[in-house]
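Starting off, we have a lone chain in the form predicted on its own, written out as C-alpha cells.
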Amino acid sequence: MLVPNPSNAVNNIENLVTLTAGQYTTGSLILMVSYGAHFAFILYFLMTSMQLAPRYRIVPILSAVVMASAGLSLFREFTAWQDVYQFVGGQYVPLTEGETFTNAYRYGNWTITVPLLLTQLPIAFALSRPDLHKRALRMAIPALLMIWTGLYGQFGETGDWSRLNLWGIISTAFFVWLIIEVRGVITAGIANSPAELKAWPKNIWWYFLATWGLYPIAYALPQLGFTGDVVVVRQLLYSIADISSKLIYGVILSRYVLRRSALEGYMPSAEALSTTPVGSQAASVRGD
C-alpha cells in the first residue's frame, strides 16, 4: 500500500491504494452499471412525458436531463478508474504520475442535477408558480452550499481528518437546512394532492431521507482505513445513492404525476393506467 500524502489536495484515496484484481473489477462494474443505468433511462423518461398532462411533462423531462448529466459524469469516473491503475505483479497499482482519479466529478454533477431534482417536487405537486419559484430557490441555496462545502472538505480524505470532518459538519448543517425546506414542500404537496394520492408525498419524504442519507456515510468512509475494501464500498455507496436519488426517484415522481394526470381527466394518462380491468382503474390510480 502506498503512503498517503495529506498535502496533495488533488488526491482521493483511490490514488493511494493498491487493489486486488477482484476489487478493481468490482469497482469497474459498479461504475459501469451506474453510468449505463442512467443512460438507459433517458428514453424512458422522454417517452413517459408523452403520457402526462402538459403541466406535468417537465417532471420526467427534467429526469431525462438528470440522467444524461449523471451518465456523462459517471462515465468520466469510469474512464478515470480505468486509466489510473496499472496491472503490476497480479495487483492494480495507482499511477504515480499522469492520470489521477477524483470524486470531484460527482460534486460537479450534483451541482447541476440536485437543483433540478429538487425543482421537480413543487412542479409535481402542482404548487402555484410564485410558490414553486420561491420554494425551488429556497431548496437550491442550501443544496449548493452543502455540495460545495462537501467538495472542499473531501480533499482532506487522504489523511487530513480535521479538514474532512470540519467541512463535513458544515456541509451537514446545510443538509439539515435543506431537509427543513424539503419538508415544507412535502407538507404543501400533501395538502395539494388529491385524496387518492396523499400517501405519495409522505412516502417520498421518507425515501428522500433514506437515499440522501447514504452520501455522508460514503464521505466519511476513508477514515476507516486506506484499504481496497474501503475504496470499493465507497464507490458502491455513492452509486447506490445516485441511482436511488436520481433514477428511482424520477420513476416515483413520474408515476405520481401519471396518476395525478389521470385523476384530473387527462385521457392518455388514464389509458396508460388502464392495463387492469375497468373496475380496478381507481385502485390503479391510487397506487393500491
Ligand code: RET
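Note that this is a predicted model, so its numbers are computed, not measured. Counting begins at 1, following the sequence as shown.
Unshown form predicted together with the named molecule; subsequent notes refer to it.
(request) Spot the stretch among 189-197, 132-140, 79-87, 106-114 with residues whose non-hydrogen atoms come within 4.5 Å of the named molecule in the model of the complex. (result) That would be stretch 106-114.
(request) Consider P216 of the chain shown here, and say whether it contacts the named molecule in the model of the complex, taking contact as heavy atoms within 4.5 Å. (result) Yes, contact at 4.5 Å.
(message) Residue-level contact is defined here as any heavy atom of the residue lying within 4.5 Å of the named molecule in the model of the complex; does T172 satisfy this criterion?
(response) T172 belongs to the contact set for the named molecule.
(request) State yes or no: in the model of the complex, is some non-hydrogen atom of K246 no more than 4.5 angstroms from a non-hydrogen atom of the named molecule? (result) Taking the distances in the model of the complex, the answer for K246 is yes, it comes within 4.5 Å of the named molecule.
(message) My question is simply whether I123 lines the interface with the named molecule in the model of the complex - judged by any non-hydrogen atom within 4.5 Å.
(response) I123: no contact with the named molecule in the model of the complex.
(request) Identify which of F155, Y92, W205, W212 has a heavy atom within 4.5 Å of the named molecule in the model of the complex; exactly one of them does. (result) The option sitting close enough to the partner is W212.
(request) Select from the listed residues G159, G71, G168, P201 the one whose heavy atoms reach within 4.5 Å of the named molecule in the model of the complex. (result) Contact with the named molecule in the model of the complex is made by G168 alone.
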